[in-house]
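We begin with a single chain expressed as structure tokens, specifically the form predicted alone.
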């Protein structure tokens, strides 16, 4: 399974510059607020980038001159700890924005987990578009607000939940993303591996493995191979996620 949005139902004008005309995430990203002429203008400074798995996209502390929209694949974002370890703070999917920074420097690093495709923009060029199209800036502010909410949810996840609650909450979040991307909610793909999941959830890899085994024995989930998981009992996993 590869997380890629289904093509939009609406047929956009053929006058839109390629590849924006065929973009499968337009209805999920800030481009959705643009008219065809506005999208045509933005397409002039949009650079489409393809990168293989395990490729660094941006580094924490670097000048935040570029922004990215994920159009295919999965990435991880993380903070580098003083002892050299990484603390994964999130996973990005098609439709997600990458590189929003409060200051002139990136607050985190990003690396591709799978092969990825992205739209790349220069900050200065986007800022000019914001001046012309206020609704575009409003969308970006909403995105920043959503990131803050997700950060708060992550703090709750790490601070108050048990291992089972954390893993079930994580699987449900991936299920929600899969559904948004046109896949079945009960069939999810975990390309990040158990070590990365453990890092994200603040647990050890051994604890993650034991918790996966426990969920399988309880027939809550089933492993279908190569990182694919079937949620066999959606209500059960929801109950476990909230500790009931």
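Positions refer to the first chain, counted from 1. Source: prediction; values computed, not measured.
Missing here is the form predicted in complex with the DNA; even so, the following discussion is about that form.
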For this session: Although the DNA is absent from this view, report whether residue 80 comes within 4.5 Å of it in the model of the complex, heavy atoms only.
Result: no
Problem set entry | the DNA contact in the model of the complex: residue 189, any heavy atom under 4.5 Å | no
Exercise. Even though the DNA is not shown here, does residue 31 get within 4.5 Å of it in the model of the complex, heavy atoms only?
Worked result: no
For this session: Evaluate residue 101 for contact with the DNA in the model of the complex, applying a 4.5 angstroms cut-off between non-hydrogen atoms, and reply yes or no.
Result: no
Exercise. Any idea which of 177-185, 43-51, 64-72, 198-206 reaches within 4.5 Å of the DNA in the model of the complex, heavy atoms considered?
Worked result: 198-206
Problem set entry | Of 163, 136, 119, 113, the one that lies within 4.5 Å of the DNA in the model of the complex (heavy atoms) | 163
